[in-house]
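One chain comes next, on its own, written out as C-alpha coordinates in the form predicted on its own.
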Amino acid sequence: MAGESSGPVVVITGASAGIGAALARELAGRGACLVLIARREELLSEMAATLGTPVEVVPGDVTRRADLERVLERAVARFGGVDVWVNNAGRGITRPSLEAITPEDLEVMIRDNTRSALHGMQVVLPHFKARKQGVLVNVSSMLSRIPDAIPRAAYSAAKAALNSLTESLRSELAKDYPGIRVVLVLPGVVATDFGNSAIGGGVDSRTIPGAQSVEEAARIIADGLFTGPVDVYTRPGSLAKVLGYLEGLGRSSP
(Lines give C-alpha, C1' and ligand atoms only; values in the text may rest on other atoms or scores of the structure.)
Protein backbone atom coordinates (compact mmCIF):
# COMPACT_ATOMS: atom_id res chain seq x y z
CA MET A 1 0.00 0.00 0.00
CA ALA A 2 1.16 3.54 -0.79
CA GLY A 3 0.98 6.42 1.61
CA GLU A 4 2.13 8.15 4.80
CA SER A 5 0.77 5.30 6.89
CA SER A 6 0.39 1.58 6.42
CA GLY A 7 -3.23 2.00 5.36
CA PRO A 8 -4.53 2.28 1.81
CA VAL A 9 -4.73 5.54 -0.09
CA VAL A 10 -8.39 6.12 -0.96
CA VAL A 11 -9.88 8.73 -3.28
CA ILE A 12 -13.55 9.56 -2.59
CA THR A 13 -15.60 11.86 -4.82
CA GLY A 14 -18.64 13.67 -3.47
CA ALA A 15 -17.01 13.51 -0.04
CA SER A 16 -18.40 16.63 1.65
CA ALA A 17 -21.62 15.00 2.89
CA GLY A 18 -23.80 11.90 2.78
CA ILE A 19 -22.31 8.50 1.95
CA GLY A 20 -19.03 10.06 0.79
CA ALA A 21 -18.40 11.85 4.09
CA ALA A 22 -19.50 8.83 6.12
CA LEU A 23 -17.18 6.56 4.14
CA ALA A 24 -14.32 9.00 4.72
CA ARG A 25 -14.97 8.86 8.47
CA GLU A 26 -15.22 5.07 8.43
CA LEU A 27 -11.99 4.61 6.47
CA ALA A 28 -10.16 7.20 8.57
CA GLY A 29 -10.98 5.05 11.58
CA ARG A 30 -9.38 2.11 9.77
CA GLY A 31 -6.14 3.98 9.14
CA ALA A 32 -6.59 4.97 5.49
CA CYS A 33 -4.98 7.99 3.89
CA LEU A 34 -7.67 9.98 2.09
CA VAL A 35 -7.94 12.19 -0.97
CA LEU A 36 -11.32 13.92 -0.98
CA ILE A 37 -13.03 15.92 -3.72
CA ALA A 38 -16.31 17.85 -3.69
CA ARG A 39 -17.58 21.18 -4.95
CA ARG A 40 -18.39 22.61 -1.52
CA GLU A 41 -14.86 23.54 -0.44
CA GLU A 42 -15.67 24.96 3.00
CA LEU A 43 -17.84 22.01 4.01
CA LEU A 44 -15.27 19.55 2.64
CA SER A 45 -12.41 21.19 4.53
CA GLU A 46 -14.40 21.32 7.78
CA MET A 47 -15.26 17.63 7.53
CA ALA A 48 -11.69 16.65 6.60
CA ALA A 49 -10.30 18.51 9.62
CA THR A 50 -12.19 16.14 11.94
CA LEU A 51 -10.82 12.89 10.50
CA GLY A 52 -7.54 12.48 12.35
CA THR A 53 -5.80 10.82 9.41
CA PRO A 54 -3.61 12.12 6.55
CA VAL A 55 -6.01 13.89 4.16
CA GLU A 56 -5.57 15.75 0.89
CA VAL A 57 -8.52 18.04 0.12
CA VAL A 58 -9.09 18.84 -3.55
CA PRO A 59 -12.08 21.11 -4.25
CA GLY A 60 -13.48 20.41 -7.68
CA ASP A 61 -16.31 19.33 -9.94
CA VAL A 62 -16.38 15.67 -10.99
CA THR A 63 -18.19 16.52 -14.22
CA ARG A 64 -14.92 18.12 -15.37
CA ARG A 65 -12.33 15.52 -16.25
CA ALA A 66 -9.49 17.97 -15.64
CA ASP A 67 -10.53 18.25 -11.98
CA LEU A 68 -10.27 14.48 -11.57
CA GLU A 69 -6.90 14.44 -13.29
CA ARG A 70 -5.82 17.00 -10.69
CA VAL A 71 -7.06 14.67 -7.93
CA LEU A 72 -4.85 11.85 -9.20
CA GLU A 73 -1.87 14.21 -9.53
CA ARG A 74 -2.31 15.45 -5.96
CA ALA A 75 -2.73 11.91 -4.64
CA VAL A 76 0.46 10.72 -6.32
CA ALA A 77 2.40 13.81 -5.20
CA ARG A 78 1.26 13.50 -1.57
CA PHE A 79 1.01 9.74 -1.05
CA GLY A 80 2.88 8.14 -3.94
CA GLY A 81 -0.15 6.46 -5.50
CA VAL A 82 -3.79 5.43 -5.16
CA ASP A 83 -5.03 2.07 -3.89
CA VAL A 84 -8.80 2.69 -4.01
CA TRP A 85 -10.83 5.11 -6.12
CA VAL A 86 -14.49 5.62 -5.15
CA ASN A 87 -16.80 7.29 -7.67
CA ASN A 88 -19.49 8.34 -5.22
CA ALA A 89 -20.68 11.76 -6.43
CA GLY A 90 -24.15 11.87 -7.92
CA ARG A 91 -27.49 13.66 -7.90
CA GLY A 92 -31.18 12.79 -8.06
CA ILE A 93 -34.17 14.27 -9.83
CA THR A 94 -37.92 14.39 -9.20
CA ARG A 95 -40.36 14.34 -12.11
CA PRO A 96 -43.96 13.10 -11.80
CA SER A 97 -43.95 10.86 -14.88
CA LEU A 98 -41.86 9.65 -17.79
CA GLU A 99 -43.63 12.14 -20.04
CA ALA A 100 -42.47 14.97 -17.80
CA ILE A 101 -38.77 14.16 -18.26
CA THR A 102 -37.12 16.58 -20.65
CA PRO A 103 -34.06 15.81 -22.79
CA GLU A 104 -32.18 18.29 -20.61
CA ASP A 105 -33.20 16.37 -17.46
CA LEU A 106 -31.76 13.17 -18.85
CA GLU A 107 -28.60 14.90 -20.01
CA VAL A 108 -28.01 16.29 -16.51
CA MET A 109 -28.58 12.89 -14.90
CA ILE A 110 -26.13 11.24 -17.29
CA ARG A 111 -23.63 14.05 -16.71
CA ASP A 112 -23.81 13.88 -12.91
CA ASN A 113 -24.23 10.13 -12.37
CA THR A 114 -22.70 8.37 -15.37
CA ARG A 115 -20.27 10.57 -17.24
CA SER A 116 -18.65 11.83 -14.03
CA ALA A 117 -17.93 8.23 -12.98
CA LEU A 118 -16.64 7.42 -16.46
CA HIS A 119 -14.19 10.31 -16.14
CA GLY A 120 -13.00 8.87 -12.82
CA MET A 121 -12.58 5.40 -14.28
CA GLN A 122 -10.65 6.65 -17.28
CA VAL A 123 -8.40 8.86 -15.15
CA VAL A 124 -7.36 6.20 -12.63
CA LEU A 125 -7.23 3.09 -14.85
CA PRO A 126 -3.81 3.80 -16.40
CA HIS A 127 -2.45 4.25 -12.85
CA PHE A 128 -3.95 0.95 -11.71
CA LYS A 129 -2.80 -0.86 -14.85
CA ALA A 130 0.77 0.35 -14.37
CA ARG A 131 0.68 -1.04 -10.81
CA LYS A 132 -1.35 -4.12 -11.87
CA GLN A 133 -3.60 -3.62 -8.88
CA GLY A 134 -6.20 -1.32 -7.41
CA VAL A 135 -9.84 -1.14 -6.36
CA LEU A 136 -12.31 0.86 -8.42
CA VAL A 137 -15.68 1.49 -6.78
CA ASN A 138 -18.79 2.90 -8.45
CA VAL A 139 -21.67 3.86 -6.16
CA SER A 140 -24.95 3.15 -7.93
CA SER A 141 -28.43 2.58 -6.48
CA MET A 142 -30.99 -0.14 -5.91
CA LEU A 143 -33.18 1.88 -8.27
CA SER A 144 -30.84 0.81 -11.06
CA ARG A 145 -31.91 -2.79 -10.40
CA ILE A 146 -35.55 -2.27 -9.38
CA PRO A 147 -36.71 1.04 -10.93
CA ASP A 148 -39.92 1.28 -8.92
CA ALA A 149 -39.77 4.95 -7.88
CA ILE A 150 -41.50 6.74 -10.76
CA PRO A 151 -40.28 10.26 -9.86
CA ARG A 152 -36.71 8.95 -10.01
CA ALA A 153 -36.95 7.39 -13.50
CA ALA A 154 -34.26 9.54 -15.12
CA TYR A 155 -31.94 8.97 -12.16
CA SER A 156 -32.59 5.22 -12.28
CA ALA A 157 -31.74 5.16 -15.99
CA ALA A 158 -28.45 7.00 -15.44
CA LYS A 159 -27.45 4.64 -12.65
CA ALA A 160 -28.40 1.62 -14.78
CA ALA A 161 -26.02 2.96 -17.42
CA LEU A 162 -23.33 3.19 -14.73
CA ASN A 163 -23.96 -0.46 -13.85
CA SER A 164 -23.42 -1.47 -17.45
CA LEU A 165 -20.15 0.47 -17.70
CA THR A 166 -18.96 -1.14 -14.47
CA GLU A 167 -19.80 -4.66 -15.59
CA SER A 168 -18.22 -4.08 -18.99
CA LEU A 169 -15.01 -2.90 -17.33
CA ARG A 170 -14.87 -6.04 -15.19
CA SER A 171 -15.01 -8.16 -18.31
CA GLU A 172 -12.39 -6.03 -20.03
CA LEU A 173 -9.90 -6.30 -17.16
CA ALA A 174 -10.50 -9.92 -16.11
CA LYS A 175 -7.87 -11.58 -18.30
CA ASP A 176 -4.93 -9.17 -18.32
CA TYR A 177 -5.47 -7.28 -15.05
CA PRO A 178 -6.93 -9.70 -12.48
CA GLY A 179 -5.42 -7.61 -9.68
CA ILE A 180 -7.77 -4.71 -10.40
CA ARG A 181 -11.00 -5.20 -8.47
CA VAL A 182 -14.12 -3.43 -9.80
CA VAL A 183 -16.86 -2.98 -7.19
CA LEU A 184 -20.43 -1.84 -7.74
CA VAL A 185 -22.22 -0.50 -4.64
CA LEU A 186 -26.02 -0.63 -4.57
CA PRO A 187 -27.51 1.25 -1.61
CA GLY A 188 -31.22 1.48 -0.97
CA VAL A 189 -32.76 4.43 0.87
CA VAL A 190 -30.06 5.97 3.07
CA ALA A 191 -30.71 8.72 5.61
CA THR A 192 -28.89 11.57 3.83
CA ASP A 193 -29.88 14.87 2.22
CA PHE A 194 -30.20 13.13 -1.18
CA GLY A 195 -33.93 13.86 -1.45
CA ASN A 196 -33.55 17.52 -0.54
CA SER A 197 -30.73 17.95 -3.04
CA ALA A 198 -32.59 16.40 -5.97
CA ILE A 199 -33.48 18.57 -8.93
CA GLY A 200 -37.15 19.43 -8.46
CA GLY A 201 -36.96 18.69 -4.75
CA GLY A 202 -38.30 15.55 -3.17
CA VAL A 203 -38.97 13.71 0.07
CA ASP A 204 -36.20 14.13 2.62
CA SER A 205 -34.56 10.71 2.67
CA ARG A 206 -33.98 11.02 6.41
CA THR A 207 -37.75 11.03 7.01
CA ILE A 208 -38.47 7.84 5.07
CA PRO A 209 -39.38 4.98 7.45
CA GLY A 210 -36.68 2.32 7.53
CA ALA A 211 -34.02 4.47 5.88
CA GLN A 212 -30.60 2.95 6.48
CA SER A 213 -28.21 4.98 8.59
CA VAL A 214 -25.37 6.47 6.58
CA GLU A 215 -22.88 5.03 9.08
CA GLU A 216 -24.12 1.49 8.48
CA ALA A 217 -24.00 1.93 4.71
CA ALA A 218 -20.44 3.27 4.95
CA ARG A 219 -19.33 0.37 7.14
CA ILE A 220 -20.67 -2.20 4.69
CA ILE A 221 -19.02 -0.43 1.75
CA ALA A 222 -15.70 -0.32 3.62
CA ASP A 223 -16.00 -4.02 4.48
CA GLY A 224 -16.48 -4.84 0.78
CA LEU A 225 -13.59 -2.90 -0.71
CA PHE A 226 -11.03 -5.71 -0.80
CA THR A 227 -12.92 -8.97 -0.28
CA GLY A 228 -16.30 -10.55 -0.90
CA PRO A 229 -18.80 -10.05 -3.72
CA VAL A 230 -18.03 -7.37 -6.29
CA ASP A 231 -21.67 -6.26 -6.16
CA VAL A 232 -22.10 -4.79 -2.69
CA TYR A 233 -25.70 -4.39 -1.51
CA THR A 234 -25.70 -2.25 1.61
CA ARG A 235 -28.91 -3.71 3.02
CA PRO A 236 -29.56 -7.35 3.94
CA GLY A 237 -32.13 -8.95 1.65
CA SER A 238 -31.56 -6.54 -1.26
CA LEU A 239 -30.11 -9.20 -3.55
CA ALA A 240 -33.07 -11.47 -2.88
CA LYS A 241 -35.42 -8.61 -3.79
CA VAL A 242 -33.58 -8.05 -7.05
CA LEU A 243 -33.70 -11.74 -7.94
CA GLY A 244 -37.41 -11.85 -7.11
CA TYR A 245 -38.03 -8.81 -9.28
CA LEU A 246 -36.18 -10.35 -12.23
CA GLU A 247 -38.03 -13.63 -11.79
CA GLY A 248 -41.31 -11.73 -11.85
CA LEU A 249 -40.38 -10.09 -15.15
CA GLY A 250 -40.03 -13.54 -16.68
CA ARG A 251 -43.47 -14.73 -15.69
CA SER A 252 -46.38 -14.71 -18.10
CA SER A 253 -48.91 -11.94 -17.61
CA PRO A 254 -52.24 -13.12 -16.12
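Only a predicted model underlies this, so the values are computations on that prediction, with no experimental measurement involved. Throughout, we count residues from 1 along the sequence that is shown.
There is also a form predicted in complex with a small molecule; it is not shown, and the following applies to it.
- Interface membership of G120, defined by any non-hydrogen atom within 4.5 Å of the small molecule in the model of the complex, is ruled out.
- Within this chain, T63 lines the site of the small molecule in the model of the complex, having a heavy atom no more than 4.5 Å away.
- In the model of the complex, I19 approaches the small molecule with a heavy atom inside 4.5 Å.
- Remark: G188 counts among the residues lining the small molecule in the model of the complex, judged by a heavy atom distance of 4.5 Å or less.
- With the small molecule left out of view, the stretch that reaches within 4.5 Å of it through heavy atoms in the model of the complex is, among 49-57, 224-232, 23-31, 36-44, 36-44.
- Contact annotation for the candidate site: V11, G81 and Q133 all lie away from the small molecule in the model of the complex (no heavy atom within 4.5 Å).
- Interface residue among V182, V139, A75, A158, judged by heavy atoms within 4.5 Å of the small molecule in the model of the complex: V139.
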